[in-house]
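Here's a solo chain for you in structure tokens, the form predicted on its own.
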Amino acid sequence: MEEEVKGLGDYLNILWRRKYWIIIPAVLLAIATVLVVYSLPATYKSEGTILIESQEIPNDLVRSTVTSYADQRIEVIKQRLMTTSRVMEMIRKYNLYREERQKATATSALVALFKSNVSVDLVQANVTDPVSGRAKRASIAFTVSFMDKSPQKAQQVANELVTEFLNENVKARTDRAAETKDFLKEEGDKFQARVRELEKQIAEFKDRYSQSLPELLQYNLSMIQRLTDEQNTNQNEILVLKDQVTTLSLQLSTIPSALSSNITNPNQVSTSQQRLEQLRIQYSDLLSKYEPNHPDVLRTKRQLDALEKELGVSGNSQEVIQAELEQASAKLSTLREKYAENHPDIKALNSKISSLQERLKTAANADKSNTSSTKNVNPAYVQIQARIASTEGEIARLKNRQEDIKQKIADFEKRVAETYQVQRAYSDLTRDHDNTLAKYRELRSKQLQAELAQNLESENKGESFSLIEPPAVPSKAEKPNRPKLLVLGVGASIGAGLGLALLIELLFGGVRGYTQVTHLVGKTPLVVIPVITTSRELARKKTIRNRWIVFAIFVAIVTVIAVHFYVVNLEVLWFKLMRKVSLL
């Protein structure tokens, strides 16, 4: 069998046939909706707007210690206000949720109900970042609202919340600045104590190694160099003085220690003595060059003997022979460095030295026998002896100075050696001191900045919240939205009636109409007799239509009255409509 397909006309016939199943449930449900909507309790919302103002003083001059974003601070303040203790305090203060409290509702439920009625919404706008110059979304204000069944209580609680937001913001910023300053002060004090401790350690270290500090290294090295130079100079001077002593000793050896009895004038002795020394030196030089029978040697010998006879001295004295012997020995040493032992000059000097040694023995015996006969002291002899003693004294002094310099050089070299060992520990101490001191100065500088930031916050010159619209007593309910609920309720009522009519048709539909009979029988009916309406039925229908018209007029009047008193004033509604029409 072919499936029956219903058209629009079939559905309209069904709706007309089941019109009472549609109208009666829809009307009843609409009435119930109206009753339910207008029986719902009204909730009023009071809202205040707070503006987020930026810092008055440029950040380049005074930098605030509060670096968090306004959104974050607002959320932090909200969480502080929404603690159980503060919420319950406000509930008791404004006598909120009295029925729930009488029912001994749990505290957590009351707190949750209070929080659900509080709303904090941010107002954002497109602004230009002063640093990057780019456009971005930023919060410029925020609203704080509270909903309650009583408009007065809603306004009071919202005003309390707005005040708490303003106070908490100032308190939080001031406390943050104070905490930052205190923290920097404590850290600065710690570093100050550390700096003092390091300075004490450095002072003790300097006392312990006062002569080996790295800054004295150049001084110690310069002292070593200066003492070394002085040591070399003294050594050279000692050698010069020793040569002088040797020379004076030679001179002394040629001067008789006592004068003869026939010479009484010391000046005469001095001049003849000098001439005698010159002749003796000249005679020695000639002997070193020529043979003893050389004319110059013989002539000088004759002059020397005459002068010795005049002065009363003997050329065979022990000192003269000793001087000649030393001179010959020195010359022999020099020649041995150049020639072999069989060289004629060396052989001549050896024989001369042997002769001088024999003469020295003879002169020593003669001096012993003549000592008792000497009575006058030679002044030249005494003078040279004094010069020798003075020179030897200077040599002794220089030698003592050399020992002192040697000890000082050893001391300074010890200081230099210790310097390289001390330098590492000293560098560690000074480096720690410098780093700690730099950090201490940085903390003190930041502490001063924090004190300025604290003054900035206490005088409300930083970023602040300003109340630009305080909460007012609401004039209309925030919820429920009665017109919307009415529209939805009426629509649902009509839908329910249509659904019920379709369900009845499906359950108890039967066979109706020319088309269904033709579809079931398979043949077209021979004749179709329409419904014959009597005059009585027409009168009854007219009566029913009039009743419906009266009912519709009644419902319209009641609806207008309800809208005027419960939704919106009709005059206001009329002006709104006229304004929208004029805008069109």
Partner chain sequence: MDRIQKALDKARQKHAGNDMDDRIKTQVKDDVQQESSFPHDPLAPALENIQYTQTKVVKTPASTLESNRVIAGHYNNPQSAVFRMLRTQVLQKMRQNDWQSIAITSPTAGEGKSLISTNLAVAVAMELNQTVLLVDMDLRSPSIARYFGLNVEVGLKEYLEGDLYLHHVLVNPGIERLVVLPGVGRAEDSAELLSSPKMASLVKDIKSQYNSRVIIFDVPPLLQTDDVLLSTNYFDCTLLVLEDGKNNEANIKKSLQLLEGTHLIGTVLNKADTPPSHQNY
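Numbering follows the first chain given and starts at 1. Note that the coordinates shown come from a computational prediction; the quantities given were computed from them, not determined experimentally.
What comes next is about the form predicted together with its partner chain, which is not displayed.
Could you confirm whether Pro41 comes within 4.5 Å of its partner chain in the predicted bound form, counting heavy atoms only?
Pro41: no, not in contact with its partner chain in the predicted bound form.
Do Ser54 and its partner chain come within 4.5 Å of each other in the predicted bound form, heavy atoms counted?
Taking the distances in the predicted bound form, the answer for Ser54 is no, it never comes within 4.5 Å of its partner chain.
Do Val511 and its partner chain share at least one heavy atom pair within 4.5 Å in the predicted bound form?
Output for Val511 is yes: heavy atoms within 4.5 Å of its partner chain.
Check whether His564 has any heavy atom within 4.5 Å of a heavy atom of its partner chain in the predicted bound form, and answer yes or no.
His564: no contact with its partner chain in the predicted bound form.
Among 515-523, 41-49, 22-30, 545-553, which stretch has residues whose heavy atoms lie within 4.5 Å of its partner chain in the predicted bound form?
Result of the contact check: 515-523.
Listed by sequence position, which residues of 525-556 have a non-hydrogen atom within 4.5 angstroms of its partner chain in the predicted bound form?
Residues within 4.5 Å: Pro525, Leu526, Val527, Val528, Ile529, Pro530, Val531, Ile532, Thr533, Thr534, Ser535, Arg536, Glu537.
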